[in-house]
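The chain that follows stands alone, in the form predicted on its own, written as structure tokens.
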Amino acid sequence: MRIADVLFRQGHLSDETLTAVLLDGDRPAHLNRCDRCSGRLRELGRWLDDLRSEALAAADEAFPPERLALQQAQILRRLEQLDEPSRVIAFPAHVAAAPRTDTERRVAPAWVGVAAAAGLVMGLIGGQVWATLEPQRPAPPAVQADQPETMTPPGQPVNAELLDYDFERHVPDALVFFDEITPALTQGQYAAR
């Protein structure tokens, strides 16, 4: 007898122990001496028998004889197929890529993402450096409403310096160093030929 049965149940058997007695068939000596535990064992046995008969009736109702016969036929068919060799399904062969020549270059897809991220970071850093190193230009003076606007006579340029300025080759002062160490596109084309 378990210690818990002795301490908490005044020596009587628990429901777990009674269920184990019904399943295993090993009767402890306490059942022969105690009418209360013997009565509980009989009640538990009747309840389990009633539960079993109800479960069998529900199973017979859920699985009619026709359905059972169909399942048995399927099981027998599968057992017969165990002796037969397995069928192998043929899959299309893997098409091998054409071998690359030495002149072809291939970029791994992972490097494209790395290059895009590096370009983004360089653009952000370059923008911050540009904003920091570019000389601050004073804001243009505010035009007062009471002064008449001066019109430039036709034929004279507004700012003569802008006409002589090379806009295609403009390099900000902060990036002159990078422009000097980087070959121009035309120099790279001539070197390649």
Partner chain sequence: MTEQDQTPVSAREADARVAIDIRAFQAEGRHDAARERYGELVARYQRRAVRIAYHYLRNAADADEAVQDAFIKAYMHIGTFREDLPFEVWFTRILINGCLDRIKARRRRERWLAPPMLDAAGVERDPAEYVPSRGPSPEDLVLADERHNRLMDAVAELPERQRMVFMLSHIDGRTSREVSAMTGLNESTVRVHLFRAIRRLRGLLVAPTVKGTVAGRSKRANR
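Residue numbers count along the first chain shown, from 1. Since the structure is predicted, the reported quantities are computational estimates derived from the model, not experimental observations.
The following text describes the form predicted in complex with the partner chain, which does not appear among the structures shown.
Residue 59 is the only one of 124, 131, 29, 59 with a heavy atom lying within 4.5 Å of the partner chain in the predicted bound form.
The candidate spot formed by 113, 118 and 173 is out of contact with the partner chain in the predicted bound form: none of the three has a heavy atom within 4.5 Å.
Heavy atoms of residue 179 never reach within 4.5 Å of the partner chain in the predicted bound form, leaving it off the interface. Interface residue remark: residue 33 is not counted as part of the site for the partner chain in the predicted bound form, having no heavy atom within 4.5 Å. Among residues of the shown chain, residue 19 is one whose heavy atoms approach the partner chain to within 4.5 Å in the predicted bound form. Looking at residue 89, you'd find every heavy atom of it more than 4.5 angstroms from the partner chain in the predicted bound form.
Looking at 56 to 76, the residues that come within 4.5 Å of the partner chain in the predicted bound form, counting any heavy atom, are 56, 57, 58, 59, 60, 61, 62, 63, 64, 65, 66, 67, 68, 71, 72, 74, 75, 76.
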